[in-house]
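Coming up is one lone chain in structure tokens, specifically the form predicted alone.
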Amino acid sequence: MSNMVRKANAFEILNHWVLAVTFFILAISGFGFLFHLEQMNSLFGSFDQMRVIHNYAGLVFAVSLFLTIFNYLPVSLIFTGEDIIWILKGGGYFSKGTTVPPQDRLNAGQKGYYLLLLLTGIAIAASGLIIWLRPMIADINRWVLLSHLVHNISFDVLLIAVPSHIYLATLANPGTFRIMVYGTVPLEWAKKRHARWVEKKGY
């Protein structure tokens, strides 16, 4: 087997799966609330039980999302000219003959996805907390209604973004999924997709 390089540590892998599992719990129960699906009673026991699970899964999701900041936010905030060219060329996904600039630990698309996930995640967590706790503030009904709107819009955005992320991390880019299982990738694979990062690391 070719030389392997580590691209994710054990904490990143664990936190990634915590984030993923809680997202799917929240998405499934969220659909149950949104469409009042009686079938969810058999899955969660009752709507009341589903609400409890949804609320506490949301807390775990929020903590997990916060912890991603230390691994992904610094690099995601740095966009270079090469990143702009990568975006303009669609990351090379639309033409096999397209040559894209060398990328860092995260490519421009991954940076954009992470920032979108972080912003919508914060919005959905903050609005969900207001809906759940209904804090004693003036004109609470207006805040709760606004929170429902923010919560639902953020939910819709994530329902598009997350499946797209799953596709791009599996079928569209063979070899990427193993990062979140083993944390390592072949050196040649890394050189092809993250040449700037490989150069920095001195591999």
Ligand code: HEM
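Keep in mind the model is a prediction, meaning the values are calculated, not measured. The first residue of the sequence shown is number 1, and the count goes up from there.
Same protein, other form: the form predicted in complex with this ligand, not shown, and the subject of what follows.
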I'd like to know whether residue 106 contacts this ligand in the predicted complex, with contact meaning heavy atoms within 4.5 angstroms. yes
Heavy atom of residue 44 within 4.5 Å of this ligand in the predicted complex: no
With the cut-off set at 4.5 Å between non-hydrogen atoms, does residue 20 touch this ligand in the predicted complex? yes
Does residue 127 reach this ligand in the predicted complex if we count a contact as any heavy atom within 4.5 Å? no
Just one of 162, 57, 50, 150 has a heavy atom within 4.5 Å of this ligand in the predicted complex. Which one? 162
Of 166, 157, 28, 63, the only residue with a heavy atom within 4.5 Å of this ligand in the predicted complex is 166
All of 16, 72 and 170 with a heavy atom within 4.5 Å of this ligand in the predicted complex: yes
This ligand in the predicted complex - contacting residues of 167-203, heavy atom within 4.5 Å: 169, 170, 176, 177, 179, 180, 189, 194
